[in-house]
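Next up: a single chain in C-alpha cells, the form predicted on its own.
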Amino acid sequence: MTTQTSVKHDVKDLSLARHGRDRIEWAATQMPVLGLLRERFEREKPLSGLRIAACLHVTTETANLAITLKAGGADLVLCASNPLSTQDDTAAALVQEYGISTFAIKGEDSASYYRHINAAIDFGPQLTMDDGCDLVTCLHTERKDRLDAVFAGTEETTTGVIRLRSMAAEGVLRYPVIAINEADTKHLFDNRYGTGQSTVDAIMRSTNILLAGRTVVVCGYGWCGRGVAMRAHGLGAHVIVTEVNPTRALEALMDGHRVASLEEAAKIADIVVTVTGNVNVFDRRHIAVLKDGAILANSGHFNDEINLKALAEGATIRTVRDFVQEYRLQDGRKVYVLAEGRLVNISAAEGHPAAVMDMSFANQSLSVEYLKANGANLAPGVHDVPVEIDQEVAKTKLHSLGVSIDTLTEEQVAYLGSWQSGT
C-alpha cells in the first residue's frame, strides 16, 4: 500500500492505515443504526455540497460518522477535540483509505492542537460539529474571518453545551447549534452506559488494579457520574458520591450509594473520579487529606477538574505506567494521576463502546441533514434535537436489536387527549 496521498492531513503515520481500517470496520459491525443511515445517505445524497468542519474525538466510531457524512455528499475535514483521544491508526485510515482530510496526532501539544483546529477552519466550513466547543469558540474569537460562512452547527457533549449556552446568554453566539447531548438517546445511554463502562475500563487498563473492595469516590452524579458509580459498584467497589445538588445527592443515596462531602470522602478514597464539568473540583484541601497511594482520574471534558498545579507544588513527578504519573509529595505520600487529568476513558482506553456511539452519531447525522434543510431558518442559539429525530433513532436501534414494542390503539390515543373521564 502506498503512503502517498493528495488529501490534506497531519497524522502520525499513514502506514498505520490498514490496521485502522480493520478496526473501523469492526466498529461498524456494532453500529447498525448508523449503517442504515449510511445506506440511505449513499442513495439520496442529502448533504451534497455541504462543507463540514468537525472537531471530535478521532476514534473508530467517529470514523464511521465521518464516512456516513461523506456518503451523504458532504465535504468533510476532521480535527481532534482532545490531545490524547486520537487513535493514530484511525486518523491514518481516514486519510489514506477513505479520503477524508484529518488533522490529529495522539499526544499533540497545545500549539499543534490549535493549529489543527485552524486547519479545519481554513477549510471554510458552512457547518461545524464540535465536542467541547473549542472549534466554535475559536471561530468566534480568533477566526471571525470565517464566521460569516457558517450557518449552523452541532455540539456533542455536556461541557460544550454549557459553553454554548453561556455564549448565547451573552448574545455572542452567531449561529444556531443543535445540542446533540440533550437528546434522550444520547445522554441517557452515551453518558450513562458509555461513560460508565469506558471510564472503569480505562482505570483498569492503565493501572491493572482490582476494584472489588476498593473505595471509589465519584464526584458528580449527573448522567455520567451515575454510570461510573453504577459500573464501579457492579465490580464490587464501595462507592461514595459527592455532590453540590441536593436532589442528585438524594438520588445517589436512594440508588444505594454512600453520600458525603468530598473532604470527608477524600480521606478514605482509593480512587477518585471527577465527572462534573467544573474547575478545581478536587482541590488543595482534598489533596491535603488524601491517603498514600490514592489514584485520581477525570472523566469530565477538560483537564480542569483536578487541581494539578496545586498537586505538583514541591512534588517529584515520574511516569510509572502508560497514562499513570506518580506525584511524590513533600511529606512522602504518593498520589497517582491517570491520563494527565484529561478524559481518562478516551485517553487511556478507547472511549465509549461503538454500540452506544451508534445512537449518538445517528443523532449527529440526522441533525446535520435537518440543519442542511432548516438551519438557515433557525435563530442563533442552542436548539434541542427535534423529537422526531430522537424517537426515530430509538426505534431504529430497537429494530436492529430485534426488539418490538407496543403501539397505542386509537381508543388510547383519544383517551390521552381527553379530560372528561374521571373516577
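Bear in mind the structure is a predicted one, so any value in this text is a computation, not a measurement. In case it trips you up, residue 1 is the first one in the sequence shown, and so on.
What comes next is about the form predicted together with adenine (ADE), which is not displayed.
For the options E340, E97, D134, E350, the residue carrying a heavy atom within 4.5 angstroms of adenine (ADE) in the predicted bound form is E350. Residue in contact with adenine (ADE) in the predicted bound form (any heavy atom within 4.5 Å), chosen from L37, V368, M357, V393: M357. Interface membership of I346, defined by any non-hydrogen atom within 4.5 Å of adenine (ADE) in the predicted bound form, is confirmed. Taking the partner from elsewhere, T59 is found to have a heavy atom lying within 4.5 Å of adenine (ADE) in the predicted bound form. The chain is drawn here without adenine (ADE); in the predicted bound form, the stretch among 383 to 391, 51 to 59, 370 to 378, 38 to 46 whose residues come within 4.5 Å of it by any heavy atom is 51 to 59. Contact annotation for 358 to 388: a single residue, F361, has a non-hydrogen atom within 4.5 angstroms of adenine (ADE) in the predicted bound form.
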